[in-house]
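A single chain comes next, written as structure tokens; it is the form predicted on its own.
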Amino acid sequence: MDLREAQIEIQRGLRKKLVLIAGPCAIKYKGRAGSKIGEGERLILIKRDGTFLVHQNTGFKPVNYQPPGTRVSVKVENEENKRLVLKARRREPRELIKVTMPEVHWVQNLELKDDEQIDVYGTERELADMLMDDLSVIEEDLKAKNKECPLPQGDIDIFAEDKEGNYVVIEVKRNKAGLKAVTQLKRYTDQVKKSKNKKTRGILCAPGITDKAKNHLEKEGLEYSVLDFEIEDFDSASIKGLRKKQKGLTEFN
């Protein structure tokens, strides 16, 4: 494809349509750090909101990107050895991606209409709602007192009481828990213990936990409970072991 024609077609699509560009390119970045990658055949996407992404032919993450609000320009440089140059620039923070293309395989401008919002099932809030129905999947005789109990530095997912009358802080995670989750649970547990002046346990409830997080959890005297849940038919979630009938997620408001 002629580089001048590619430039004109890209300019037509900028800020109005989704622009896709395929061809060999080299990339340089400067901003909060600096990087460069040699020439290779890649796919460039420029969205209507200024989002700028460069993809290689494997993996789901772009090799370079700029977020919404980026200003994109395009021109042909160097009359003797022509190159199409794309610049994706941000002002705050000051960042620049420069893409240099010796040739362009093709350019496509698409006008996509999509106003739908994604519905996510099995969120941490919804899983906590389900657990409130029957905390025996975590521990027998555990009684729920409140959910999303506010604290100065965040909200407890589930505030409960065990059979001995001790307070129990339960932190729910939908993904494998790491050190950050343990630190969060420790902070909440300490705050409750201090404010209530009563023995307080902390339980981290998640599908899995990293080795470092588990070691830190045990060191801090906290506990871990496996959260075994699954997504059913793409539109609902259920926790295995709950004795009460599961509500549909749409019932939780």
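Sequential numbering from 1, following the sequence displayed. Please read these numbers as outputs of a predicted model, since none were measured by experiment.
Below, we turn to the form predicted in complex with the DNA, even though it does not appear here.
Screening 38-46, 196-204, 182-190, 220-228 for residues having heavy atoms within 4.5 Å of the DNA in the predicted bound form returns a single hit, 182-190. Annotated contacts: Q7, N57 and E116 are all free of the DNA in the predicted bound form [non-hydrogen atom within 4.5 angstroms]. Though the partner is left out of this view, K143 does not reach within 4.5 Å of the DNA in the predicted bound form, counting heavy atoms only.
Although the partner is absent here, S136 sits far enough away that none of its heavy atoms falls within 4.5 Å of the DNA in the predicted bound form. Contact annotation: S73 falls outside 4.5 Å of the DNA in the predicted bound form, judged by heavy atom distances. Although the partner is absent here, K176 sits close enough that one of its heavy atoms falls within 4.5 Å of the DNA in the predicted bound form.
The partner is not shown here, but in the predicted bound form the stretch 90-117 reaches within 4.5 angstroms of the DNA through a heavy atom at E95, I97.
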